[in-house]
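Taking the form predicted alone, here's one chain by itself in structure tokens.
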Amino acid sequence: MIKINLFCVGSIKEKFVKEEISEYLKRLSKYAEVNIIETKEVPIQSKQIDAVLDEEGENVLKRIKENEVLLLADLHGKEYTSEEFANIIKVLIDQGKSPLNFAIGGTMGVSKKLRERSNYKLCLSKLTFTHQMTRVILLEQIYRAFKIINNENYHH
């Protein structure tokens, strides 16, 4: 079974968001073993924004091996259709890439180093979402991708 790691800066506090995440993790369990790895959100008060982003990025990067794939949720990335996104995942699976590592930055965004290390930069929308909602949206899109890959019905 394919392994997916979802690296997220910060944690989820809102009950309704936790419930949505749990639902998509349950649905995804049919297709993949999904691990959510939360890393510490660095307080801004004591540091410059770039230093915060660098530290948060390093907390993710040190957990990803050099030969592993990283797909980054990035407002400056490329927008894909659900079918194109599913195709990317299918190609990576067919190439034997596992785990598939996804990363979501914190409230201030992502570091330059994290952006440079990523194999794919995914813009989920030109709209800005909280990193908590981004987690739900990304999990839903990963689930949708597996439904597409397996030719199963899902809402279009």
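Keep in mind the model is a prediction, meaning the values are calculated, not measured. In this text, residue numbers run from 1 along the sequence as written.
The same protein also has a form predicted together with another copy of the chain, omitted here; what follows describes it.
This chain appears without its partner; in the predicted bound form, the one residue of 130, 29, 95, 48 with a heavy atom within 4.5 Å of another copy of the chain is 130. Shown alone here, residue 124 lies within 4.5 Å of another copy of the chain in the predicted bound form, counting heavy atoms only. Although the partner is absent here, residue 35 is not a contact residue: none of its heavy atoms lies within 4.5 angstroms of another copy of the chain in the predicted bound form.
Under a 4.5 angstroms non-hydrogen atom cutoff, another copy of the chain in the predicted bound form lacks residue 119 among its neighbouring residues. At a distance threshold of 4.5 angstroms between non-hydrogen atoms, residue 17 is in contact with another copy of the chain in the predicted bound form. Not one of 9, 11 and 59 comes within 4.5 Å of another copy of the chain in the predicted bound form, counting any heavy atom.
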